[in-house]
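There is one chain below, alone, in structure tokens, taken in the form predicted on its own.
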């Protein structure tokens, strides 16, 4: 298919662009296969807007006489308005944008056509391989092995080719366990706590059903993480009633009689369809310009968004507490093991592991616990909060995780190497990007699409020194301790950087941030001078003592 077939009017002049807190700008609008481009053409102040069609969530057409207006709502939550003279021109442009923003084929998306204008210093596709993680693990313990049981994606289509499992369990046993777990997602290592040797594993639900089916290989695999005489905890991200309903449909949970050393704890983390409804309500509340305090607070509460944040952080803190304070191993799962499970395991690592609070460590966490672990990004991020089409599999699961990281970041501002802009960048690229990193639903799909060969990785761009500097937190001081966030309602705030950034002017905030960075930089320079003078003084005192002791 040629993109030209979808573009009925490639260019329109005298178009007026409206954005909140910006002056209206007149210019030329151009449509290409992947971008909507607006250029002001003003000699005194040339302004350009490049918008990926894949970033467009919905469009609305309005007409007053012969003047047409298109309102574009984007997946990154901004809203722009284009006034286009001529009804036919406006209709053509609107239908072209609708067609180009809803392409079915993944291979027609921009990452397959994007060619970087920067020098590629590292291949982001090979920056965070599981072999490297296993090498780090092997330096502290020899109880685990790297298994190739899924090398053809034949055992579990949503797992990567390599997984880390207990050394005492062979591949034949893993195949049997895969038949006992939904979607073949048998328990694999998520995190090893060096401090006390405890492990966190993740999986999908066991297929026990109403007959209480069991699998001895599964019991052996789960028990392989336990120290003699110690108990473990199964953190089921579903309420008990939901888990019991799942058992009636062939799913279920680990029964005490077959897993006597494990204590099961049920948490209430909502499924993806509930999260999407909450997301839509929250964005609607944030866009309500009525400025009525009661209305704002009631809409914010009705969205339940902060409740989801609280529940998720509570579950992650529980997992971290079991590992660090109780000295127990943990198994985390919900139903499929691709959404709430990954939220809990990755947030627990943010709490426990200082490496995950560095830029590269956090990137490795996203790759390991989200991309390789089979979170279905293509399905979950197909639409954002504005789409008019019926919801299928969309949900802000990854955004909710990023917001929880932001909440912890806000409580521990000196413990993270990256800043808020880095988290917002990941949110934006998960929904629309020139990079192939978040395309596909799992590693199997990415391999079939040949993404590493045909597209550029986001990490190749982010990890260039000139880009990295934009995402560094000037307050960062490495903290090797476990950090325990407060989950009290008073401690949680709305993430304004995502939900309100297009609804208010950011000029003063940006100026304040620049001033803060300047003060921190100046403080570091003064601190360096103080340290140098102290060294100089110490040397002078030493020289003085030597002279006094001399002949």
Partner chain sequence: MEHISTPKILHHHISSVEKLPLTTAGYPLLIHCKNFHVAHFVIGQERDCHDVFTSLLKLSQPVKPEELYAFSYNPKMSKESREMGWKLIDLKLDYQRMGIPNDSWEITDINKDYEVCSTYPPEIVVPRAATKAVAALCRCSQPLAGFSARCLEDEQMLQAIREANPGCPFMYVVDTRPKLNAMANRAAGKGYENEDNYENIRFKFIGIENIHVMRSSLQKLLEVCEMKSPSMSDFLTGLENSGWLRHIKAVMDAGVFLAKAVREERASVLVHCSDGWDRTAQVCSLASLLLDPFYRTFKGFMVLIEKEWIAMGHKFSHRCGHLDGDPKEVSPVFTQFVECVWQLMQQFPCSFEFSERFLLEIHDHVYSCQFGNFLGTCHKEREELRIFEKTHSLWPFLLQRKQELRNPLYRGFTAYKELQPNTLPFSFQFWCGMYNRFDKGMHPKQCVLDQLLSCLGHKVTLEDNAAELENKLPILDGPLPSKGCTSPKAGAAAAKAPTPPQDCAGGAAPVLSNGPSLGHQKHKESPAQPRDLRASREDGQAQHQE
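Every value quoted in this text rests on a predicted model; they were computed, and no experiment measured them. Residue numbers count along the first chain shown, from 1. The term rigid core refers to the most C-alpha atoms you can superpose between the two forms while keeping them within 1.5 Å.
Below: the form predicted in complex with its partner chain, not depicted.
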message: So, residue 307 and its partner chain: in the predicted complex, are they within 4.5 Å at any heavy atom pair?
response: yes
field: 4.5 Å heavy atom contact, residue 291 to its partner chain in the predicted complex
entry: yes
query: Should residue 536 be classed as touching its partner chain in the predicted complex when contacts are defined as heavy atoms within 4.5 Å?
result: yes
query: Even though its partner chain is not shown here, does residue 95 get within 4.5 Å of it in the predicted complex, heavy atoms only?
result: no
- request: Among 194-202, 426-434, 408-416, 340-348, mark the stretch whose residues have heavy atoms within 4.5 Å of its partner chain in the predicted complex.
  value: 408-416
- prompt: What is the one choice in 69, 503, 40, 55 with a heavy atom within 4.5 Å of its partner chain in the predicted complex?
  reply: 503
- request: Identify, from the list 298, 126, 142, 389, the residue with a heavy atom within 4.5 Å of its partner chain in the predicted complex.
  value: 298
Residues in 252-288 with any heavy atom within 4.5 Å of its partner chain in the predicted complex: 286
query: Against the rigid core, is the Cα displacement of residue 536 between the shown form and the other one at least 2 Å?
result: yes
